[in-house]
Every structure is written in structure tokens, then in C-alpha cells.
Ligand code: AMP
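Encoded as C-alpha cells, the following chain is the form predicted alone, with no partner shown.
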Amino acid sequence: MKGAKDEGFKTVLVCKKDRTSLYKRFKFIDDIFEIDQNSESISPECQEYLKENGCILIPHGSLIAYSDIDYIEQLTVPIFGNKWILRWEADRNLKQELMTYAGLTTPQAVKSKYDIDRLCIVKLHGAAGGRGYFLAWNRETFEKGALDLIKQKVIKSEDDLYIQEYVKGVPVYLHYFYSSINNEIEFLGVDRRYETDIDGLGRIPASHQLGIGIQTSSYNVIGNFPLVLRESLLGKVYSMGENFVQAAKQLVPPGMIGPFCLEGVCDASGNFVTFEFSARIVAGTNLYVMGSPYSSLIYDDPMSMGRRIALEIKNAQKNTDLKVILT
């Protein structure tokens, strides 16, 4: 929203009532549409309000996490980007298909708990922000972790879980922007996440962890760190982004529009293994409200991801047609 304001747009925020007092502090938010629950963010009343005010909806993680994908696809509010690709983000099987088609190196998917024969990470579908993730190394540890989530009412059954080989390396989250107007990909930043409780366990000696019986822990994201990559890695970074864009054009027309993120690890040999993608703006871009070391190589003015979205909308208004970037 700050980036939209920087480019001269008026802004409307949809948020829960208990957060209104926070967002009223910021002058770049012109108006607020209050809701009781996150699931109401795309209610008929909200849609009507947004259309009456000539709004363009910018999708982010909460929209994917709390809204039904079928309903998102039926929205009549103009959405920046390709709303059809959000289904491919939310469904891990489709997600894997797209990443494989793009030629990205990915962790091996494990089809069944009976096939677990190494360290694996078990995930929920959709944009859960690490919520409910746990490690498993055999059928028994998988069943224990799944049962804990069922008791917490995070999932209904084991069928709600996705099993993936655990890959060692440094977590990296690569922020891209693809301009369908210019047919160019831009690399605008990179971050890594700080996750509780798993990152905090590093402060506890291994002997103590064993002594108190710690086996698994949560991967809930509480914040993000900025990263600058070794320059020798950047060629791979751009190639990965370009391959992903080409694959999206083939599998999910009209393809990738605007911001996206390839999320994975970089191993000791400098190779990237991608385990996720986000087909919209991600929280890690909040690190770069005034731009990043990479955006400053492209733009002379501070360029956040939010401002880059607003700039693309402005360029479409002036030079082409808004329909090119909206669905």
C-alpha cells in the first residue's frame, strides 16, 4: 500500500476489526473496509464496495490461506495478476507439476507414510506460513505428528498432509517480478525466514534436546531476514525465474503476471532446490520498503515490490490495456 501511494494511487485496506487501530496509524492508507473474520474479505458486500470504488485487488498470502480457491476464481473484482495460478499454488500436487515442468530441482515427493525411509518434512496444503509443518523419518513419527494436528483441529485427516524429502541447505526466498508488458523478469530481493520453534532450538544443546524429549517442532514464520547472495549464484537465480515464467505460460494461461517467489534452499555446492512457489507478493518483500540491493541495480528510485506493482498498473493504463495485467 505504501508503494501504491508512492505512485499516486488511492488505497483501500480490507482488514479485521481488531486490527483497524493498527492500520489507522499509517497515512498511506486512505480507507479501511472492516471485516469480522478473514474469510469475509471477499464477501459480496466487500466485492460491491471494492467495485464501487474502482479498486484493483492485490492478492497475498492471507487471501490464499483463508479463502476458498473456487470462490477466488469467481470474484468479479479485478485482480492484479493471474488468479488462475493461485489454484496451482494452493494445491501441492499442481505446484509440484508446475515446478517440474519448469525444470526446477525439487525435493522428492513421498507418496505414502509407508514410503518414508529418510528424513522428511510434512506440510499442509496452501499458504499456511509454516503452520502445522513437522519432521518425520518413519511411519510412526508421521502418524504421531498427524495425530497431534488432528487433535488441534488443524487438519481433519492424514489426507490433508503432503510429504516431501527434507533437503539440507540455507533457506532462500527469491523475489521476482515479471512484466508481461515489457516481457522482462526482474529480481528484486531475497530473504530467509525465522521460524518458531525450529530456529530457536539451535540455542539448546543437542544433549539437552534429547534429555527433554524434543522430537519435532513448529515452523510458524514470525519474521524475515534480508539476504544478499554471492554474485556467482545470480545467473542461476535469473534462469530459474525465466524458466518458471515460461512454464506458467504453457500450463496456466495467461501465465505469471507480476510478483512471485521461488522458495527453497541453496546447498553446499551452490545449487538451488526449490520446494515451493508463491504466485503473488510475499511477506519477505516487506524488508525492502525502500528497495533492495537488487532493485537499486534496476531503478534509481527506491522500488519496493508494492511500488513495482503500482508502476505496472500505471504503465498498463498509459501504454497498453489494463486487461493485460488483470483477471
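One-based numbering along the sequence shown. Treat the numbers as computed from the prediction; the structure is a model and nothing was measured.
Omitted here: the form predicted together with the named molecule. The next part is about that form.
Checklist entry - Among 55-63, 275-283, 289-297, 25-33, which stretch has residues with heavy atoms no more than 4.5 Å from the named molecule in the predicted complex? => result It is the stretch 275-283.
Checklist entry - Of W88, Y173, Y178, F142, which residue is found within 4.5 angstroms of the named molecule in the predicted complex when only non-hydrogen atoms are counted? => result Looking at W88, Y173, Y178, F142 one by one, just Y173 meets the 4.5 Å heavy-atom criterion.
Checklist entry - Only one of I155, I121, L227, V252 has a non-hydrogen atom within 4.5 angstroms of the named molecule in the predicted complex; which is it? => result Comparing distances to the named molecule in the predicted complex, the residue within 4.5 Å is I121.
Next on the checklist: At 4.5 Å between heavy atoms, is E242 in contact with the named molecule in the predicted complex?
Outcome noted: E242 lies outside the contact set for the named molecule.
Checklist entry - Is D160 close enough to touch the named molecule in the predicted complex, meaning at least one heavy atom pair within 4.5 Å? => result Outside the cut-off, so no.
Next on the checklist: Just checking whether Q246 would be counted as a contact of the named molecule in the predicted complex - the rule being heavy atoms within 4.5 angstroms.
Outcome noted: Although the named molecule is absent here, Q246 would stay clear of it in the predicted complex, with no heavy atoms inside 4.5 Å.
Checklist entry - According to a 4.5 angstroms non-hydrogen atom cut-off, is F187 in contact with the named molecule in the predicted complex? => result No.
Next on the checklist: Could you pull out the residues of 144-169 that have any heavy atom within 4.5 Å of the named molecule in the predicted complex?
Outcome noted: The stretch touches the partner through Q164, E165, Y166, V167.
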